[in-house]
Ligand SMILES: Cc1cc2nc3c(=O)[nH]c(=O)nc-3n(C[C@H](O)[C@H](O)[C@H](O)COP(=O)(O)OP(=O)(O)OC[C@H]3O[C@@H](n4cnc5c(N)ncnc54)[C@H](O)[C@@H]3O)c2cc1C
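Encoded as structure tokens, the following chain is the form predicted alone, with no partner shown.
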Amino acid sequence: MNDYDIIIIGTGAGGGTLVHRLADSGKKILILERGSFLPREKENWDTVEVFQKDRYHTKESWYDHKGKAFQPGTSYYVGGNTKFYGGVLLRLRERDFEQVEHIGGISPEWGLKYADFEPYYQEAENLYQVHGSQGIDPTEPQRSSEYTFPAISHEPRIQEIHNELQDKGLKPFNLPLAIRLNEVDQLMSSCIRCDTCDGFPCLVHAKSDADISCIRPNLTTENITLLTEAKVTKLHTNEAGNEVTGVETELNGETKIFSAKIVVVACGAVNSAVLLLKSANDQHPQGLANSSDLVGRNFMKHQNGAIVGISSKPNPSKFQKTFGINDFYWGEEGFEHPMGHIQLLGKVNQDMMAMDAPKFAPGKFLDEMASHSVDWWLTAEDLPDHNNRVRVEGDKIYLDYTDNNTQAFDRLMNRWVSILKSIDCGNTIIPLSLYFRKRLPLQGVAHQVGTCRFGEDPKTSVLDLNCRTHDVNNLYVVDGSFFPSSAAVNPSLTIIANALRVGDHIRERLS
């Protein structure tokens, strides 16, 4: 009863998509998810519960390099962190797969190129019902075909800003959004274009996450077994150390051992590294599959931040997150280095404003500001650093991380504020130009990548190009861990596309 062909640990963008790819293979598949299904409840759309009280984030503590505890912004449910993502699924740019010189250092070349991922990007966009349009973004990579689902329209105030940016010579483009929205026939649509999407779980299941798109549609398949609230604590190997023979799991207060011909770890870049490190044995004293001493190293999470600009004009938009800007992705005149990506955020409200406002700020004032705000998310690339790492001491998880490439991020933020001021987002309702800026702190790990990089040389990588560990023949890692660099766009689509690619390899291996 405990023997399977394939065990997949984790149900997020990597693990969930891999389940979809392998579901019709006829192989006996066990899915182990440490969380439960996320409850459908009115609190799904409650800002105070979701953001102020962290209702759905894990309550565990991680530690920074100084030993200071923090609560990570990560969640354990079927679907993983895709339950909370904003649904922006961007492809890496073609140059992102090459070696790139940044102001802060070098972004390394990938062992595979954009052309290797392109057909899987196309499949991933169809699977997750990504709505978009091509031909506007100046950095857009080559596509084999147009988006299957049409771009989402802008609400009036957002369309106005879009047009003003175009008049400035910029090229705002429709964000590719993974959402179940049919603007022609509302009867065929799940999405209601609410203001509780970005960062919230979706009460009406309109977000195309890994749970809704990949896990639930396959649960009636006879060869698939899903166990929730099943936390994998250790991987056991044979005496030679070259094959995983047991997956130790805490389930219903008991310890169970499962086995399979193929074991896939897809716990997210941090927890996948933690599991391998905790699975050290005599043959793998530094951690499983860690002869390179690279498991947990080169942790990246992006330079991420937000700008909330208070405009003289009201912004009644509900579903605000509909366009992005890549005009400065590769730099600008006078700064010939990559800067990063800009996109609209989900609409902020009074309760979100209150999280960073002085406690004495009156609610009416915050509500007035929120009703005039236009909200932005900025991403710059952080670079792989051997010393930026995940490590474990007993049961404690440490993130030793020092920001890098910050000059590019700061320049992007300053540049964008100057542009916003020029299009009247600075004529505020009080006699000051207000731009609330916030750099995401360490606990913002939604874009975690890089802890088990892939490559051809076992001395400089943990995984081969099929994401199988160099050291253990039947062990794969299929999440953001495999990234050699972080690029400057959301990593989700590349994780999804890679899971489809690795799924094809696993199918062939077991055929």
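For every residue, the number given is its place in the sequence shown, counted from 1. None of these values were measured; they are calculated from a predicted model.
The form predicted together with the ligand is left out here; the points below concern that form.
- With the partner left out here, the ligand still marks one of 322-330, 394-402, 268-276, 166-174 in the predicted complex; by a 4.5 Å heavy atom cut-off that stretch is 268-276.
- Proximity to the ligand in the predicted complex holds for none of 104, 383 and 488, with the criterion being a heavy atom within 4.5 Å.
- Under a 4.5 angstroms non-hydrogen atom cutoff, the ligand in the predicted complex lacks residue 390 among its neighbouring residues.
- Within 4.5 Å of any heavy atom of the ligand in the predicted complex lies no heavy atom of residue 237.
- Looking at residue 89, you'd find a heavy atom of it within 4.5 angstroms of the ligand in the predicted complex.
- Put simply, residue 303 is far from the ligand in the predicted complex: not one heavy atom of it is within 4.5 Å.
- Applying a 4.5 Å heavy atom cutoff to the ligand in the predicted complex picks out 9, 10, 11, 12, 13, 14, 15, 32, 33 from 4-33, in order along the sequence.
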